[in-house]
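So this first bit is one chain, no partners, the form predicted alone, shown in structure tokens.
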């Protein structure tokens, strides 16, 4: 687990720094190919076996907690999804995601579209909320169930003043049992920070 600047003065390294938001794209790529640090869970639920991965720096906390497919299915079936539709989301490697602005020096702004998943040497964006909603509409999921889905998701973009936070479900879109790195980005006081959780594991 580490926090990395998007454009450090000495190239790719794992110190806790920040840079202006207008960092060059090439510098971002240089960060992503740096050495990998495995992330061991900070805790494991003794009843379900669900693992939580977390990193903290610069007054910000980011955590991912595994949601078991059966938990996700039950949640959405209870809110109007049929089992086949609930299965589609339950099998997409879903996490309860928490982002907290604990003591950062200013408002934390993020867009989920800036976050990425690195899996099997491929870097991909997270599945957008609008894509899920369009899929549910095409499959005939009731309006009330789609609304419940929307409100249960981690927000697509948000701003948190110091002391504010939010949580919600976030799907990586990866198959069960996959391992991946999460690359999360946000801005504080016109500077961009990149937080990583490496070697995170989807439930089997």
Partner chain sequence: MCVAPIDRIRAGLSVLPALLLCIGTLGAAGTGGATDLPPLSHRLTVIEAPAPAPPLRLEDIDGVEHDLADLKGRLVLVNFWATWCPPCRREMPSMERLYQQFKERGLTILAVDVGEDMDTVFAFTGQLDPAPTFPLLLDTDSRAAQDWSVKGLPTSFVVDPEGRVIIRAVGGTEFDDAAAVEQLLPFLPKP
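This is a predicted model, so every value here is computed, not measured. Residue numbers count along the first chain shown, from 1.
Only in words, not in the display: the form predicted in complex with its partner chain, which the text now covers.
Student: Can you pick the one in 162, 176, 142, 173 that has a heavy atom within 4.5 Å of its partner chain in the predicted bound form?
Tutor: The residue from 162, 176, 142, 173 that makes the contact is 162.
Student: Within a 4.5 Å heavy atom cut-off, is residue 120 in contact with its partner chain in the predicted bound form?
Tutor: Residue-level check for residue 120: no, no contact with its partner chain.
Student: Answer for residue 155 alone: is it within 4.5 Å of its partner chain in the predicted bound form, judged on heavy atom distances?
Tutor: Heavy-atom contact with its partner chain at 4.5 Å: present for residue 155.
Student: Indicate whether its partner chain has at least one heavy atom within 4.5 Å of a heavy atom of residue 83 in the predicted bound form.
Tutor: Residue-level check for residue 83: yes, a contact with its partner chain.
Student: Residue-level contact is defined here as any heavy atom of the residue lying within 4.5 Å of its partner chain in the predicted bound form; does residue 75 satisfy this criterion?
Tutor: Contact with its partner chain, yes.
Student: Within 96-135, which residues come within 4.5 Å of its partner chain in the predicted bound form, counting heavy atoms only?
Tutor: Heavy-atom contacts to its partner chain in the predicted bound form: 96, 98, 100, 102, 103.
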